[in-house]
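Two versions of one and the same chain are coming, encoded as C-alpha cells; call them structure 1 and structure 2.
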Structure 1
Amino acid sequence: MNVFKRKAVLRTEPAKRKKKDPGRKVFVFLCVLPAILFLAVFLYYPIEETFRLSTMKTTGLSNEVFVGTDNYEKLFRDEEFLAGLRHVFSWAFWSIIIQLPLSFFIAFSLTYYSNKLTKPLQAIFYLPNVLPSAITAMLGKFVFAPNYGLIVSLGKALGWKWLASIDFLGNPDLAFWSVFAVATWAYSGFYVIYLMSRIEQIPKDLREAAELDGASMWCYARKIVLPELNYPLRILAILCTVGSLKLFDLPNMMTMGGPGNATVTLGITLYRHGFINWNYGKAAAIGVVIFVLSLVFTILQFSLGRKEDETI
C-alpha cells in the first residue's frame, strides 16, 4: 500500500506542475488586468491625488503651495463644514430611529399575513427606491412647495390656515425634516424588501411552534423574529450611517443645502468648496474626512459579517 501511494504521488506531482505553470500565469494576469487597469486610472491615481491635494493650497489651476495640515485645521473652524458634519450624524441617527423600525413593521406585517395584497404592496413600497434622485427631489418639491404645493393646497381646501401657511423648505427649522421625510419616503422601500427576504428565511416551524404555544403576533415578532434579524438590522444600521455620510443628491436638489446651512451635508460642503469656490485643497481635505469616516463604518460592517459567516 505504501509503495503504491508513493508511486502515485510521484507520478502526479511533476505532471501537475508541468501542465499548470505557463498557461496559468498568463491566464491569471490577463483576467485581472482589465479590472486593475480601470482602478489604476480612475481610482488609485485620484486617491493619491486627493491625499496630495489635501495638503496643498490651490489658487489657480496650476498654482499649488504646500501647507501641511492647514486645510484640515481650517475645516474644523469652518461653520459650514461643522454644520455638514452635524447634519450627517443626526441624519444617520434619525434614519436608524425612524426608517428602520417603520421598515421592520411593514416587512414583518407583510410577511406575517401573506395574502393577495402582499406582492402588490411590496412592489408599491419598493417603487420610490427605483426613482432617480432628481425625480424624488422633484416630487419632494411638489409636495412641500409654498403657495401651491400638495400639502399647502390640501390645507387651503380644508380651510386650515396654519397648514397652508407653512413654508416647509424655506424655513430653516423645517427644511431638514422636509428633506428627511422625502428620504424616508424614497429609501425605506429598500429596507422593507431586504428585511422581508430575511424574514422569509426564518424556518417556518419556529412560527408554528410559537403559535401552538399561543404566542401572539406581537410576541412572535419580539421573541423570535427580532433576535433572528439581529444581524441584518445591524448591517442596515451601518448602511444607513455610511449612506448619510455620502448624502448629497436630495438636499442638493431640493434646497441646495439652504436656507443658509440648514440642510448642508458633507457632500454639499465638498461640492461648494471644490466646484463653486474652486478651492481644491479644502475640497480634497473634506474628501479625506468622508473617506476616513466611511472606512470606519465599512470595516465595522465587514467585521460583523465575519462573525456570522454562514449568512454571507
Structure 2
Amino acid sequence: MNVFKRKAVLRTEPAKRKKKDPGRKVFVFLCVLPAILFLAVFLYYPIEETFRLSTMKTTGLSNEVFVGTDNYEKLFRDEEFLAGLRHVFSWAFWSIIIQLPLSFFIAFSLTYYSNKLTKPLQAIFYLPNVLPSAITAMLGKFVFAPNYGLIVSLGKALGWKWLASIDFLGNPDLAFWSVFAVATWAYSGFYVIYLMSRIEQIPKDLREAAELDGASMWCYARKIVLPELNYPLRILAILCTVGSLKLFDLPNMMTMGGPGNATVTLGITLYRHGFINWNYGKAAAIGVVIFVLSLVFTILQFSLGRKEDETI
C-alpha cells in the first residue's frame, strides 16, 4: 500500500505544480514589467521616433511634412556628413589597430611582471577614463595648443623652432591625429584594466607549464594568452567601433570639428543639423545611420568571431 500511495503522490505532484504555474508566470511577468516599461519608454520609443522623424521635414516646433527618403538623399550629397563618415571609419580602424594592441601590451606586461607597483600603475592608467570629457579636452588643448601648448613650449625651451612652429590643432593634416592621441590616452585605461582582469583568470598552471617547456614570454603571450582573450578582444573591438560611430565630445571641445571638416564626426554633424540649423529631420536621419551602422558592425564582428571559433 505504501508503494501505491507514493506513486499516487508522485502522480499528483505534477498536477499541483501545473496549477501553480499560471500564478508563477504572472508573478514573474510583474517582476519584469518595470524593466520592460523602462526600455519601452527610454529605448524602443526613441528609436521608433527617430526613424519616423528621419522621414519628416521639421524644426521640432513647426508642423511635420513627410518627405520620405529625401533627408537621406541630401545627407549623401552633404560634404560635411561624408567627411564625418570617413573620419569615424578611420577612427574605428586606427582604434583597433593602435589602441587595442597597446592596451594588450600594457595589460600583459603589468600582469606578467606583477609586483608592488602593479596596483598603483593600474590606477594611473585608469585615471584618464574617470575624468570628465571636458577636462580631458582641456588637457589635450593644453598639450597641443599653439603659442602656449606644452609641446610648443618644450620646442621653444630646447631651441627647436620647427617644433615650436607646429600648429597641431590648426593644421588639417595633424588635427585628427592630435585628437586621436588624446583619445588613446583617455580611453585605453579601460581596455587595460579589462584585459588585465581577463588575463588574471587564466590558470597559472598554463604559465608554469609553458615556462617548464622553455617558452619565452612572447611565445606564452602568443600561444596561450591571446587565444584565451579571443572573446574579450572581440568585445573591445565592438566597443571601439560603436564608440567611434558615436564620437562627439573630444573633437567638438578640442577643435569643434575643424579646421574645416578635418575632425568632424557624425555626432558633430548631427548636433549641427539638429541644434544649430534646427533641421530635426536631417539630424534624425544621421541618428538612424549611426544606429544601423552600429548594429551591422556588431552583428558582423560577432558572426566572424563565431566562424573563427567553429574552425578552431
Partner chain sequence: MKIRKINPAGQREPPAERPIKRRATKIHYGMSEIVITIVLVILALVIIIPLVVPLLFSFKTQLEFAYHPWALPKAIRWTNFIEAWKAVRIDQGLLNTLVVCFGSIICTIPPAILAGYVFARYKSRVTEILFYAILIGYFVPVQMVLVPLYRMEVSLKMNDTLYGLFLPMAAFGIPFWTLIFRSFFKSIPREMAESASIDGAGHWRTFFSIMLPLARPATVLAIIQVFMGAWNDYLLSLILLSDQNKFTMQLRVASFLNSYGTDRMPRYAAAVIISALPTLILYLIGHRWIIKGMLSGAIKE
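The term rigid core refers to the maximal set of C-alpha atoms that superpose within 1.5 Å between the two forms. Reference numbering: structure 1, starting with residue 1. Note that this is a predicted model, so its numbers are computed, not measured.
Both panels show the same chain in isolation, but it is structure 2 that comes from the form predicted alone.
F29 shows a C-alpha shift of 2 Å or greater between the two structures [criterion: core-superposed Cα displacement of 2 Å]. L43: CA moves 2 Å or more between the two structures after rigid-core fitting. A C-alpha shift of 3.8 Å is found for T298 between the two structures, based on superposition of the rigid core.
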